[in-house]
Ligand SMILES: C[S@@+](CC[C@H](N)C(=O)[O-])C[C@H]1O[C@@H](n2cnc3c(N)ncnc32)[C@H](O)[C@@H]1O
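A single chain, nothing else alongside it, follows as structure tokens in the form predicted on its own.
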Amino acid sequence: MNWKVENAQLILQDVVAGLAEMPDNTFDLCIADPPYGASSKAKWKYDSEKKLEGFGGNWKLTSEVWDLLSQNELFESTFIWLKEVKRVVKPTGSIWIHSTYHNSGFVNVCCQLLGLEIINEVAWYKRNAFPNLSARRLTASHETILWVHTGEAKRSYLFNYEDVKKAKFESDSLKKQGKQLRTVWDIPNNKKKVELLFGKHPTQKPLRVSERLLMISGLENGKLLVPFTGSGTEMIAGLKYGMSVVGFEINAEYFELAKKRIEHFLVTQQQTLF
């Protein structure tokens, strides 16, 4: 299913299959919030006979370490969707990747294997994080967000430095107006009422997180890719910033949720113009 409205396109399809049909260098920015377990229901397999740039010809999966990694579904799926995302994002573009301790190690390793340079590792501190009910471990109160780019040594990625430096973020006690933004962000995890109006997603992020990512590396009138749409938060942030947005979602329930949220946002936005 392919749904289009104004500058938004939402596709009910596995992201790797969908991106395979798109040309290189299509997008200016990507915000990826993959499932923290396996990233797809599809049975993705890597073709070991395919020539990989940077690996000296055909890549034989003979190393014990690689064999262990390549048999891990989470590593394999992360590598494959990131490889496709790298291809479709321009060398001047950025990729933001949400993760937790469940998958952050694999994401980091896959970025390095694919030649995606890590610009920053951001720790998103959630001061109102849900408590640990088992009382057998520390309360998880942060997530990791990696900022990477595809241009490798050229480092020609977009960074809206002055906009970010001038910004004052509501509720962020660590960011002072006129000062550089650091890699620890104090952003409460609660969502506004309108963000939950049509339902919610189990890993839904507050809109203010995606708005910050857009402020840092968004390109007005550019094109944003959201590989794992979920509730549609990242797509709405992109539309607010003035980008056209393409999102993929494999779950029909969340596809409908994102569709309703985007429609509501567009109607509300138009009403404020008159």
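Throughout, we count residues from 1 along the sequence that is shown. Worth saying up front: this structure is predicted, and the values here are computed from it rather than measured.
What follows is about the form predicted together with the ligand, which we do not show.
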query: Close approach of E256 to the ligand in the predicted complex, 4.5 Å, heavy atom; finding: no
query: Proximity of S231 to the ligand in the predicted complex, heavy atoms at 4.5 Å; finding: yes
query: Interface membership of I250, the ligand in the predicted complex, 4.5 Å heavy atom rule; finding: yes
query: In the predicted complex, D14 touching the ligand (heavy atom, 4.5 Å); finding: yes
query: Every residue of G93, G222 and K240 near the ligand in the predicted complex, heavy atom within 4.5 Å; finding: no
query: Contact residue in the predicted complex, from N189, S104, N160, T203 (heavy atom within 4.5 Å of the ligand); finding: T203
query: The ligand in the predicted complex - contacting residues of 111-150, heavy atom within 4.5 Å; finding: none
